[in-house]
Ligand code: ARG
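First, one chain by itself in structure tokens, the form predicted alone.
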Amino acid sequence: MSKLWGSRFEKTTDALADQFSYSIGYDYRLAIYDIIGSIAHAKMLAKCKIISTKDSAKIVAGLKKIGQQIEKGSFKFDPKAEDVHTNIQSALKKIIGEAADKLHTARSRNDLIVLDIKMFCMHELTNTVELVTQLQKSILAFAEKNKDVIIPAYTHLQSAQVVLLAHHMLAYVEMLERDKTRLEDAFIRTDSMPLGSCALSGTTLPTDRHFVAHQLGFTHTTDNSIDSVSDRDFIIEFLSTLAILGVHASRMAEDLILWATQEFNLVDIDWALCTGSSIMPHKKNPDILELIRGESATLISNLNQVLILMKGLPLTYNRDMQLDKPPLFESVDKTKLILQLLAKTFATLKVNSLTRERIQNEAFFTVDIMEYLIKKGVSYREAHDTVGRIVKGCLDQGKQIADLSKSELKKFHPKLEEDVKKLLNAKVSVKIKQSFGSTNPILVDAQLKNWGKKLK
């Protein structure tokens, strides 16, 4: 297959060099965007009288035919073609003849590839936002179903206080909402049309780039032709949002992996999302969640790969930049799978009945006792020290706080009364929380309702 630039060269490129440099093995995924962008470009060329209306119509008809083949999966990509643009250009010429040679007027592969990737990113940013929303809905449904369940919460992976399970789930929803806003922000900065910048300096031909932008649904047209062909910030930003999203997915997966162990025994993961052991018949391993946790590293490394790729490149276009696509495609594909699998996980997740036994430990309520004293005018420091002495005394004597008599309580502090024992209860502990955003059941229920409305 002839190259778009071959006329200048005295001999063909080395076969090994071709094998090393060709990008058709992965950028074929941009073919449909290449078609859409080329149709808009051909219409613009006719509008501006750069080519005839007849030639433009032939080009558009030929491109639509190729586009239909691509959508049906019947288009044959030539592995010997240099890239997706060459593939389509050659196919077009076979269909319509010499008129195809006019399509590349007033553009370069430099600006065309940026257009293709931007359209791909805008499409996938929108898709990813929708998948994040579906995951949020799945988590919210699980929270609603279990909104009266109380679980231990941890700091330093040590038992800390009790919270509503729904409150913990809403933390995931909040994390994902930030991910959505980052994706939406990335869309805004991707939404600028670069085609017509040509190689780097623009063209002497009387083109109308704003017409092309309007045809393709872009809100803006890029202002600087040099920046247009050299910019890959939008890819880096997309990969960055996916990396952060991956970290959030990994943390969710880690929680569920821990909660499903016999030691924690809080939840049961559906069998369809687990695997067994080749040697231990009793095992039920949360492999899918472990792989989600593991693939978050891939999302981070793909971001790093493109950052490192771009950091030393001078303006404008350099061939290195074709290597931005494999990490982009991989991160997009893996993120979509991760989001769908997590949504299925929460849709089928079960809470173990033994969870109630995990919240009987009086240590969960020490902060509530401390605040009981603060409400009676005791300073924070004194209250903290008092409860510390109570805990130490009970541990030393092998007693529970609930076993202490009124006189024993008074020895620790004169303002302690027997009514403090009412605080040694998980339901009471969550109910007496007052601060906005806390685990109070009334506040959590209001948040569940708010998110239910928002996610519609």
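Owing to the predicted nature of the structure, the values given are computational and were not obtained by experimental measurement. Residue numbers run from 1 along the displayed sequence.
The form predicted in complex with the ligand exists for this protein as well; it is not shown, and the discussion that follows is about that form.
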Here the chain is shown alone; which of 90, 110, 316, 361 has a heavy atom within 4.5 Å of the ligand in the predicted bound form? 110
Heavy atom within 4.5 Å of the ligand in the predicted bound form: which of 167, 209, 118, 85? 85
Have a look at 250 to 258, 373 to 381, 77 to 85, 345 to 353 and name the one stretch with heavy atoms inside 4.5 Å of the ligand in the predicted bound form. 77 to 85
Any of the heavy atoms of residue 55 lying within 4.5 Å of the ligand in the predicted bound form? no
If you check in the predicted bound form, is residue 325 within 4.5 Å of the ligand, heavy atoms only? yes
Within 4.5 Å, heavy atoms only: does residue 439 come near the ligand in the predicted bound form? no
Considering only 13 to 27, what residues come within 4.5 Å of the ligand in the predicted bound form, judged by heavy atoms? 23, 27
